[in-house]
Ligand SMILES: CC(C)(COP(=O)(O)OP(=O)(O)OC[C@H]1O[C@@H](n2cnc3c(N)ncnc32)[C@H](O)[C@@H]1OP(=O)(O)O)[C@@H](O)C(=O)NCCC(=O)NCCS
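First, one chain by itself in C-alpha cells, the form predicted on its own.
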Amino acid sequence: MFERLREDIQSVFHRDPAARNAFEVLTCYPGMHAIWIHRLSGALWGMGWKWLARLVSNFGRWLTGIEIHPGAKVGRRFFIDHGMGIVIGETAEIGDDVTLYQGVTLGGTSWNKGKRHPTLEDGVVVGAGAKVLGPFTVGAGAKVGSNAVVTKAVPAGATVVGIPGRIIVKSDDEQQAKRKAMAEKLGFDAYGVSEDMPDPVARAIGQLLDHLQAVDGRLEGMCGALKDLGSNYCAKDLPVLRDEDFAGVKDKDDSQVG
C-alpha cells in the first residue's frame, strides 16, 4: 500500500511542476484523493458490496468534484490534474501513466448493458473539457486535445482535436520519437508538436528539437573520443537552468502583453 502511495506522489512530481513536497500532494491534491477513494470503492465493488461501494464513491465525488464509478478499472500512476468535473463511467478502463485534466468525461453513448465506456491505454493524455464517448480504445501514447469530442477509436501515438474528433498527427515515425525523447530530456512537453500542424511556432520548435538531437549526439561522440584519450572532461555536470535566470525575460514579456 505504501509503495503505491509513494508511486502516486512521484507521478505528481513528474507531471506537475507546481508540486513542491510530498505533504502538499497528500493534503492538497483532490485528484490523488479521488484515486485513493476509488481504490476503496473499487475493492468494495469487487467484493459484491455494491451499495456501500456507490456510497463511498459518492462521498469521493462530494469531496473532490470527481466522479469515478467503483466499477471502473484504473491502472498505476494515474494522474488527475485539477480534476473538477471529471466523470468516469462504470465500464471505463484506464491503463498506466494516464493523465486527465479538468472537465473530462469518459462516458457512454447507449443504455445497453455490457461495455459502454472507453478504454485508455498506457500513457494517454486527455486535455481539459474533452469528451471520450463509447466502447472503443484510445491507443497507447495518444493525446486528446482540450474540448475535443471523440466517438471513434484512436490509434496509438495519435493526436485528436475538434468536434467531432479528428486525427491531426500520428507520431509513430522515427523522427517524432527522437523529438519526443529530446523534449523529455529538456523537461519540455511537446504536446501535439508536429510538422503536419499549421502552427509555425510548432514547426520551429520541432526544428529546434531536431537540431538539439544532432548536437547531443555529436557531443556524446566527442565525449567518447576524449574518454578514450584518457580525459575526464565530460564527467563534469552541465550547468543547471534556474527559473530565476529567466525572471527578467518573463516580466518583460508580461509587460508587453499588458
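Just count from 1 along the sequence shown to find any residue number. Predicted model only: the values in this text are computed from it and were never measured.
The form predicted in complex with the named molecule is left out here; the points below concern that form.
- Looking at the named molecule in the predicted bound form, residues R54, G65 and T105 place no heavy atom within 4.5 Å of it.
- Comparing 83-91, 124-132, 70-78, 111-119 against the named molecule in the predicted bound form, the single stretch with non-hydrogen atoms within 4.5 angstroms of it is 124-132.
- Although the partner is absent here, G162 sits close enough that one of its heavy atoms falls within 4.5 Å of the named molecule in the predicted bound form.
- The named molecule in the predicted bound form is not approached by A156, whose heavy atoms all lie more than 4.5 angstroms from it.
- In the predicted bound form, no heavy atom of T151 sits within 4.5 Å of the named molecule.
- Proximity of S146 to the named molecule in the predicted bound form falls within the 4.5 Å heavy atom cutoff.
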